[in-house]
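Below sits a lone chain in structure tokens, taken as the form predicted alone.
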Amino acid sequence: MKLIKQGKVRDLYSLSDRQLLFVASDRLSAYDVVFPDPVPGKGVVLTALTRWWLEQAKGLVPSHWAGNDQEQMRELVIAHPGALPSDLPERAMIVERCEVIPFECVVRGFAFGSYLKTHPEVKPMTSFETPLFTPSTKAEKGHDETVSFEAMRQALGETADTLKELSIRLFRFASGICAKAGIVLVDTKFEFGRDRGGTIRLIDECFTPDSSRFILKEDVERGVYDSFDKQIVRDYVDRIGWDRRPPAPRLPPEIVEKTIARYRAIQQRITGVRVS
């Protein structure tokens, strides 16, 4: 087993020529910078939600998750003492190797966040009749950059149309589930890859607070747009005047605690499973 990549949040290990170990750490990043203070339990929430959503959506699109991987991960912890977290089965997935398609597929159901910066004339939380598909490049370092769908199609050909259709279909599917739980799914992003047979698969995480913006329906109705994600951290570092360049500032314990509390709250609200 070899560590082949360490991202902002996830560590990727090679298990074989066909499988990878996908570990969600407790690291937190904002404005593309990793903070020195972890958020204990964050990786467990990300993994639990991703697994839950992949199970719900398996009839819509195949994913890279192998499934039924708990026992294999317990064996890995025993075989590599000290090299892997003891709670590996709760914060990791065994996935199929895929060739990553180098675009992030962003879908917006409402006008919010960065969309408002480029469209200041639009009222926040204006609903789009058809969800907007606003892809971006997938940068290994630095910032992802939004590109036009035409540029994506020029790079990928008909695959771009397939990814757009899959992304909007997934967004609508998840929006319906969230609505039943009293949640508005504002926007999200997906990543896709191709397996050895050329099949397009949904990869990475799915509908988590790191990749999606969730707001309670009751809050939207009264004009309060308090999202369940790391906005608490962004608000804090903006308030103290951080210039958004490395190194990131230390986070007070109360900011860390509020962040994980919101992650767990949205996990419980979506899945209906009590989270301790």
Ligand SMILES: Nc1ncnc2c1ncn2[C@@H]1O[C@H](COP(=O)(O)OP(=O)(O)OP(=O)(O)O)[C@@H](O)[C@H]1O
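When you see a residue number, it is the position in the sequence shown, counting from 1. Just so you know, these numbers come straight off a predicted model, no measurement behind them.
Another form exists, predicted in complex with this ligand; not displayed. Remarks below refer to it.
- Remark: none of the three candidate residues (1, 85 and 91) comes within 4.5 Å of this ligand in the predicted bound form, counting heavy atoms only.
- Comment: this ligand is not present in this chain, but in the predicted bound form one of 255, 265, 12, 15 has a heavy atom within 4.5 Å of it, namely 12.
- The listed set 152, 174, 203, 105 contains one residue whose heavy atoms approach this ligand in the predicted bound form to within 4.5 Å, identified as 203.
- Heavy atoms within 4.5 Å of this ligand in the predicted bound form map, among the stretches 156 to 164, 68 to 76, 178 to 186, 94 to 102, onto 94 to 102 alone.
- Shown alone here, residue 269 lies farther than 4.5 Å from this ligand in the predicted bound form, counting heavy atoms only.
- Taking the partner from elsewhere, residue 5 is found to have a heavy atom lying within 4.5 Å of this ligand in the predicted bound form.
- Remark: residue 42 does not count among the residues lining this ligand in the predicted bound form, judged by a heavy atom distance of 4.5 Å or less.
- Although the partner is absent here, residue 169 is not a contact residue: none of its heavy atoms lies within 4.5 angstroms of this ligand in the predicted bound form.
- In this stretch, 22 to 53, the one residue having a heavy atom within 4.5 Å of this ligand in the predicted bound form is 22; the partner itself is omitted from this view.
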